[in-house]
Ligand SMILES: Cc1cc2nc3c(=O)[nH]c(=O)nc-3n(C[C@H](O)[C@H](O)[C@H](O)COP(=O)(O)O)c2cc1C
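Just the one chain here, laid out as structure tokens, in the form predicted alone.
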């Protein structure tokens, strides 16, 4: 795949991506020229004031779970003792590029948010946790451009894997262990890095904090334009790939239909065969996904999710059964090999979807797949097994006719699949071009 382009939906002003035509990496001078590190008319909100502003705005985590950041901030701040912040840039989802782009291109935006979050929870130290060498070097360069920070910020690198970005895996790696998840409790907000209460938050999430932390002038209402949902027309980063004329990293508003964003930015000319949502994790949607509103709760209520904002388009030549088989084979190869339920469960579900793609599965296999997808979620230390179950369950729900057809005969679209390939299906290039105008 060629390097992704970047672009901003015409209905919004860019908040995370650079303006169209801006040169590559943003250094300190360029960030400050755009108002960075300056706060609002009243400086910066800090402590409980910032936590309240984040909670009121409804900012949710952009790493996949969409958990309210205000709740996480308050939970860590309320714990006794020293606190630690981990800015999680280990983008394990192969179909996502947003965090690497932010770290490589807008490191000062991320560091500005890092300082705000660290001060809000009373952190004594902060870590930027990454596996991408270019992202790590960009952050180190940005740190060298700054004067002494109120909180020390360290860059911690780790070998890339699908599970390395899970919050307990990040804590474990920073503590000197393998980047693999651990059982919960305790959760990081209770006991994390060096045994301290730790906030682990995604890069894109943290990059939203400088604007929320900008204090208004005395007497000015803090809330207008700060809502992170359909009413506030706030934005998120969508990695749009797959069978898409203009695959790219796009800043899009909440509240509009997925299809409208995919057509306006990605160049689709109508509803595709379907979508794979949240990268691999949230599973498949048939063409009904085209009209669903870009809102966490809407997608959740439909049995899907926005997750990390990665959207893979399935075109006419993409068989959803083959897509599921490819993703399931990836889960089978890339689980942490720690939990028997996950190790065996992903293998079993991968075996059935592979048999379906090969046209050799029977009704009993489908019944087993349906049963596994129902009772396996929640049985592993991390959410890898949940993601595999989401793919299985959504395949059976969204594409029953295609599943039935594969029980009768082998699919020509699946005939050329190589389910043993080491490469991740639908993976995107790590590099994104500087922002371009989007028609």
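What you are looking at is a predicted structure, and each value in this text was computed from that prediction instead of being measured. Positions refer to the first chain, counted from 1.
What comes next is about the form predicted in complex with the named molecule, which is not displayed.
Here the chain stands by itself, but in the predicted bound form one stretch of 100-108, 287-295, 198-206, 352-360, 198-206, has heavy atoms within 4.5 Å of the named molecule.
Residue 162 belongs to the set of residues with a heavy atom inside 4.5 Å of the named molecule in the predicted bound form.
Residue contact check for residue 112: none of its heavy atoms lie within 4.5 Å of the named molecule in the predicted bound form. With a 4.5 Å cutoff on heavy atoms, residue 167 counts as touching the named molecule in the predicted bound form. The shortest heavy atom separation between residue 384 and the named molecule in the predicted bound form is within 4.5 Å. Each of 63, 72 and 90 is positioned with at least one heavy atom within 4.5 Å of the named molecule in the predicted bound form.
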